[in-house]
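Shown below, as structure tokens, is a lone chain in the form predicted on its own; questions about how it binds or moves come after it.
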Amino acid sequence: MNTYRVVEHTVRDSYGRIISFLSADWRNLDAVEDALADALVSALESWPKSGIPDKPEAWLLKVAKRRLIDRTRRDRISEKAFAALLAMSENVQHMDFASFPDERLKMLFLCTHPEIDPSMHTPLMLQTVLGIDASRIASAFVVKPSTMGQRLTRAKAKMRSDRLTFSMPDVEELPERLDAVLESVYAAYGSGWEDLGGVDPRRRGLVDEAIYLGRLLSAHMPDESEALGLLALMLHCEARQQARRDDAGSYVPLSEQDTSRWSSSLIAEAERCLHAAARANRIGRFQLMAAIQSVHAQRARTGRTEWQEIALLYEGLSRLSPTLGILVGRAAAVAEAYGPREGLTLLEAIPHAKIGSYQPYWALAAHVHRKLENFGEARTAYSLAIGLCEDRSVRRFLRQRAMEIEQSTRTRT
């Protein structure tokens, strides 16, 4: 493996671990990130000449600490703090890398501290734990790189000035803080998943990064059923990644996907997570969402989709978390299980103020109106759904369905 690949691999696996470990003592996230960046540049310069060290992560940690010490000297901070940093540096000289503490979980919780603007939870996690740069995060969140950079800087400054606690939350605080962490991971996954073709550079890699965080959370918190539920949900969705388009690149809806293109290994891992979560006997939103995907996955084995079971799960989910996406998903499941008229009734019960620009609503409305032969309403809904759709292949799919209405009408006349 060449030097660049070793550095890339090390960054992927250890960036957050090193940042979190140093930040626990240093508490100045900007300074820690600068120090690790310097260490990575040094690695690219020196490793091709001296050879790749046996423990690249330990090498980077040691160099980053030296940079922090140098910065301390330049900044002339207090003698007391300087002595503490020197002691830390000494400790690292003798550190056994096998005992190198993993503080990333604390970092995840720090990024979702209640004192930090909720809109910055996910960007902070992506940068500090995964090392994604501000410009790429800015693209994913559709803001200017300079704007995102300023927001991240302000959030880190607040961490430092308020001396936010770099520790696991207390037991009574844990559920709310864990929810914020899980929501941030899910938001990162959803942003990447919506890029159906994987062509949007703003969202590239977000799916893998979110699953990586999900595995990290589940490994460190195996008793937290919702962390396992979220991982199961992401794995089930990811298992179908290759079937979302056919060989010609055309969009394929879930109910028409070729199940032989689904990943059996990811489905198996998702099922293990879901079963482990169920043992805690604490049902939650992510577990229910994963359970719905689990029922879909059974089609690979049975050849049919149990829509009534899915509708029942959506019923429970809509009571627990009646978001717009879940209400539309429930209407879709009911339409398949009990008929399009029942599905349309649920769709029409959703407040109009919420649906204006929600593309999945109009796509489903078009589908059920078409099934009911309400062709005028179906045309209008298809037109709205197509106009709101960002993906070219989905637009083509919807246009084809809309054209089928015209063909059907001409045949009848």
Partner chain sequence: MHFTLMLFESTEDFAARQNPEKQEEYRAGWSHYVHALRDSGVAVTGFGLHAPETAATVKRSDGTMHVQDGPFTETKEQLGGIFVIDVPDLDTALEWAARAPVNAVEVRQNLPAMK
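Numbering follows the first chain given and starts at 1. Predicted model, so just to flag it, every value in this text is computed and none were measured.
Not on display, but discussed next: the form predicted together with the partner chain.
J.: Using heavy atoms only and a 4.5 Å cut-off, determine which of N374, T345, S46, S383 is in contact with the partner chain in the model of the complex.
T.: Checked against the cut-off, the match is S383.
J.: Which one, H121, R151, R285, H296, lies within 4.5 Å of the partner chain in the model of the complex by heavy atoms?
T.: If I apply the 4.5 Å criterion carefully, the residue I get is R151.
J.: Is it true that V143, L388 and R392 each have at least one non-hydrogen atom within 4.5 Å of the partner chain in the model of the complex?
T.: So, yes: the whole triplet contacts the partner chain.
J.: Please determine, with the chain shown alone, which of 56 to 64, 38 to 46, 365 to 373, 349 to 357 has non-hydrogen atoms within 4.5 Å of the partner chain in the model of the complex.
T.: Careful reading of the contacts points to 349 to 357.
J.: Heavy atom to heavy atom, is S321 within 4.5 Å of the partner chain in the model of the complex?
T.: Looking in the model of the complex, residue contacts with the partner chain do not include S321, since no heavy atom lies within 4.5 Å.
J.: Whether S135 contacts the partner chain in the model of the complex should be assessed with a 4.5 Å heavy atom distance threshold; does it?
T.: Residue-level check for S135: no, no contact with the partner chain.
J.: Using a 4.5 Å heavy atom cut-off, state whether S250 contacts the partner chain in the model of the complex.
T.: Heavy-atom contact with the partner chain at 4.5 Å: absent for S250.
J.: Is T147 one of the residues lying within 4.5 Å of the partner chain in the model of the complex, judged by heavy atom distances?
T.: Yes, T147 is a contact residue.
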